[in-house]
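Only one chain is given next, in C-alpha cells, and it is the form predicted alone.
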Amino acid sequence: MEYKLVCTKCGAEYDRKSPAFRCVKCASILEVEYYYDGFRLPKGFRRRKPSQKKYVPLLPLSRLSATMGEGGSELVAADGLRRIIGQSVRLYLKVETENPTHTFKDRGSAVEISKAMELGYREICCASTGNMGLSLAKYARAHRIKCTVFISKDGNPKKIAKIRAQRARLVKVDGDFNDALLQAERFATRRGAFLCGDYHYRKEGQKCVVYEIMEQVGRRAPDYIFVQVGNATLLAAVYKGLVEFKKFGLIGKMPRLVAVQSDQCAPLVTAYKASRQVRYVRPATAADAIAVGFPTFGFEGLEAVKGTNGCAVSVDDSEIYRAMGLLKESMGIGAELGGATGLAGFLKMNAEKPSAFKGRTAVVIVTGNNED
C-alpha cells in the first residue's frame, strides 16, 4: 500500500523515504499511515495459507527481501491446561517460538532489514534487552549488513553471548533499556546508520502475528487476546492489525486486548488503572525481555486497550515462573519468562473471575524462548 509517515503527537508528515525515526518538531514517534482508499486485497488472498510473505501487500515494502522463514507459526489449542483453566473457556496459544531466533521479533526484523536494504543502507543499529538484538544481528549477518547492538551491561548473559555469536558489534551501556535506547538513537544520527528497534517499521512487521491469528481461528473470532508488554510495540501492532482486518471486511467483531506486565515493571498497567499517561519506573523484574521502564509505544498501547474495551493486568514474577513451567509440562512448549507473561495474566484473570471467560475464546501469544 502507498503510505506516508506521520507524527503520532503533532501530526507532522514525512515522506516515505525519510530517514527520521522521531518527529523533528516534537520528538514523538512516527506512524506508517496508509492510503486505504482504492486499495484492494490481491486476488485469492483469502485462500492462501497464513504467513509473513502473504501479508507483504499490507506492509510498507516493495518486497520482503530479508525473509528467513519467519511467520506461519502454529495456533494450538491449550488442551493440556484444561485441568487448570476448566472446560468452559477455549484457550489457544500462538507459538511464536517457532520463528528463526525463537521470538516474534523476527517478524519486525524481516521488515526493518528489508526496508534498510530498499533505502540503500548497509549499516543498522538498535537498543535491545536481548531478543531483538539477537534477531537483528542474525538477519543483518545473513544479508551482509553491519550491525551494532546497544544493551544494558546487566543484560541477560545468555542472550548477549548469542548476539556475539552472530558477529554483531555489542555496546554495553551503564543503565537500563531506556539508556541504551538513547545511545542507539545518537549513534544512528552520528553514523548515518538505519535505526532499527521499536519504531514504525518494526510495528508493521509485528502486526502480521494478529493477521495470522484471525485467519487461523476461522469464523469464530476470539473474545480476548493476551499480549505481554515491554515496549508495547506488539500491543500497538496487534491493535493496528485488527483495525485493518476489520476495515478490509476480513473480521467482524474486535477481540478485547489484555496487556500484561510484571508488577516489578508495570508502567503501562499503572497508567491504565490511574487513567493517566505512562511514566517511567525502574525495572526490577526477572523477565528481562519485558523489562522496559518507559515503553516507546506506551501511548499507543493504552489506546489499543481502550479501543477494544480491553484491560491491563500485572502479575508477580512467581506467577510468571508458574506459567512458564505449565507451558513446558502441560503443552511441551518452551518459553522464557517474558514469553510466558501473557499466559500468567490469563491464568490470574481466569482464576479470579472464571465467569468472565465462560463460553469465551482467548488467545495467548507465547512471544519467545531464548533461555535454552
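So that there is no doubt, residue numbering starts at 1 and follows the sequence shown. Fair warning: this is a prediction, and the values are worked out from it, not measured in the lab.
Unshown form predicted in complex with a small molecule; subsequent notes refer to it.
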request  = Identify, from the list 234, 140, 259, 111, the residue with a heavy atom within 4.5 Å of the small molecule in the model of the complex.
outcome  = 234
inquiry  = Can you work out which of 225, 125, 132, 209 has a heavy atom no more than 4.5 Å from the small molecule in the model of the complex?
reply    = 132
request  = Using a 4.5 Å heavy atom cut-off, state whether residue 198 contacts the small molecule in the model of the complex.
outcome  = yes
Non-hydrogen atom contact residue 265 with the small molecule in the model of the complex at 4.5 angstroms = no
query = Given that the partner is absent here, does residue 70 sit within 4.5 Å of the small molecule in the model of the complex, heavy atoms only?
reply = no
message = How about residue 345 - does it come within 4.5 Å of the small molecule in the model of the complex, if we only consider non-hydrogen atoms?
response = no
query = Going by heavy atoms within 4.5 Å, which of 271-279, 183-191, 288-296, 249-257 lines up against the small molecule in the model of the complex?
reply = 288-296
